[in-house]
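First comes one chain, alone, set out as C-alpha cells in the form predicted alone.
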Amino acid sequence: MISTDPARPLPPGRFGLPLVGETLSFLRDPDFASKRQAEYGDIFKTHLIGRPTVVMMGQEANRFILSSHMEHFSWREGWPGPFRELLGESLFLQEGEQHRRNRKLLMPAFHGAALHSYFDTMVSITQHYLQHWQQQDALVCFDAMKQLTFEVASTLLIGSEPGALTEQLSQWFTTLTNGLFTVPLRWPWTPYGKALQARDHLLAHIEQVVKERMAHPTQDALGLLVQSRDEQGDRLTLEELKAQALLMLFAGHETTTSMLTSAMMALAQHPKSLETCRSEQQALAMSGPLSLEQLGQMPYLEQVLKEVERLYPPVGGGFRGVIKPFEFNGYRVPEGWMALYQMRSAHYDPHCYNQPDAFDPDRFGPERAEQRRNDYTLVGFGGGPRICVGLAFAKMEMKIVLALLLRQYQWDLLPDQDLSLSRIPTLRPRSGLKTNLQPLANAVRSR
C-alpha cells in the first residue's frame, strides 16, 4: 500500500505564471523536461494546460504509471479538453470495465487471421505510392507517408476506396489533428473551429459506413467490429462504433507516419545501417516476393525499428489524471493533479543504453539486447495492460513499406533543409524530410 502521509513534501519545481503556468515553455522548448530533471531530479512539479502537474521521469516512473499503480491514474482525466472533444468517447479515453470490454471487442480486427488478411492490400497500396514517388524530383517524406498510411488505414479499417473521397477524408483528418493542441476557440475560422467542422464531416461519413456494415458485413476492421459481441451477447452501439472508428483512423496512421519518416532519415544519415538493412532485404528477395513469412525473417530491420522508436518516439509521453493520491521517490502527489510520464529520460538513460545518443540498431540484437536490462525502458507504444492495441498492425505496415523501399529504391537527403524536430502533434523534421527517390539499378523486384 502506498503511503500518502500529508507531511511528505510536494515534488520540487515551480508553477510558473498565473493561469498559463509553464505551458508555453513546455510547448516551445524540446528540452523542457530534461532541463528540469537536471535541476530537480526524476520527479518535479509544474503547471500545464491549466492544471498543477507532476512530471515523472525514467524507467521506474514508466512502470509505476503504466503498470504497477495504474489504479491511481485516469486516461480520461489526463488529456486536454480539445483532445477529448475532437476524438470522442473512444477506447483511448475509456476506463475500467468499459475499456476492458471494448478493447476485447477491438482485438480480433488487429491480430491473427484479420491481420494476415491485410497483407496483400498493404503491399499493393505501398507499391502504387512508391512508383508514383519516384517520378517526383523532391519527395517530402512526411507528407507522402501520411498519404500512404492514411490510405492503408482508411482502406483496411473502414473499407474506403482509393480516390477523391479518401483524399478528402485525409484532408479532414489533417484539419482535425491540427486542432488537438490549439486554444479551443470555437469560431468557425479558428483552427479549433475548423477542427470541429472536420470532425463532424468525418463522423457523418463514418456513420454512413457503419450503417452499411450493419446491413452488409465485410471483413475490414470496421466490419469485424460491427459483428463482434461481448460476453453478454451485446454489440457496440452506433455511437460507440463511430467513436472507435474515428480513433482507429487517427491511431492507424499518425504515429506510423512519424516513425516511417524518422526511419528514412536515420538510415540516410547512417549508410552502414542502411547497407545492412538493404543486404538483408535483397537476400530475402532472392527467394521470392515479399511475403508474410518473410516479415518474420528480418531481424535487423526489427532492430532498426526499435532504435527509431527509442530515439524518435512519435509522441514524447503520456498524460494521466491523478484520481488517487500517491507517493513516489519520497514525494506526495495529490488527487486532482495531472501526471506526465516522459519517454526520453528512459529511452536515453545511460544506465539502460550504451552511448544513448548514438543511432545503433545492434543494441537490440541478441548479443546485447540492452532493452532487457530493465523493463519499461522502451515505451514508444506505451506499456503494461494498455499497450497500443494496434501495435501489430503498425509494425506489419512499417516492415512492408521499408522492406519494399530497401529492395527497390535508394534515397538521399536533399541539402539546405531544416532537420530539427517539431514535436506537435507528432514528431517530424520541420522540413518534412526532403529526399530524392531513385530506383536501384540492381534491384530485385519483389512484387
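A quick note: this is a predicted structure, and the numbers were derived from the prediction, not measured. Residue indices: 1-based, along the sequence shown.
Separately, the form predicted together with a small molecule exists; it is not shown, and the next lines address it.
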Seminar exercise, completed: Of 211 to 219, 196 to 204, 341 to 349, 133 to 141, the segment with heavy atoms within 4.5 Å of the small molecule in the predicted bound form is residues 341 to 349
Exercise. Closest heavy atom of T256 to the small molecule in the predicted bound form, within 4.5 Å or not?
Worked result: yes
Exercise. With the cut-off set at 4.5 Å between non-hydrogen atoms, does G382 touch the small molecule in the predicted bound form?
Worked result: yes
Exercise. Is there a heavy atom of F110 lying 4.5 Å or less from a heavy atom of the small molecule in the predicted bound form?
Worked result: yes
For this session: State yes or no: in the predicted bound form, is some non-hydrogen atom of L413 no more than 4.5 angstroms from a non-hydrogen atom of the small molecule?
Result: no
Problem set entry | Partner-contacting position among L180, C277, L105, L91 - heavy atom within 4.5 Å of the small molecule in the predicted bound form | L91
Problem set entry | in the predicted bound form, the residue from K399, R63, R386, K45 that sits within 4.5 Å of the small molecule by heavy atoms | R386
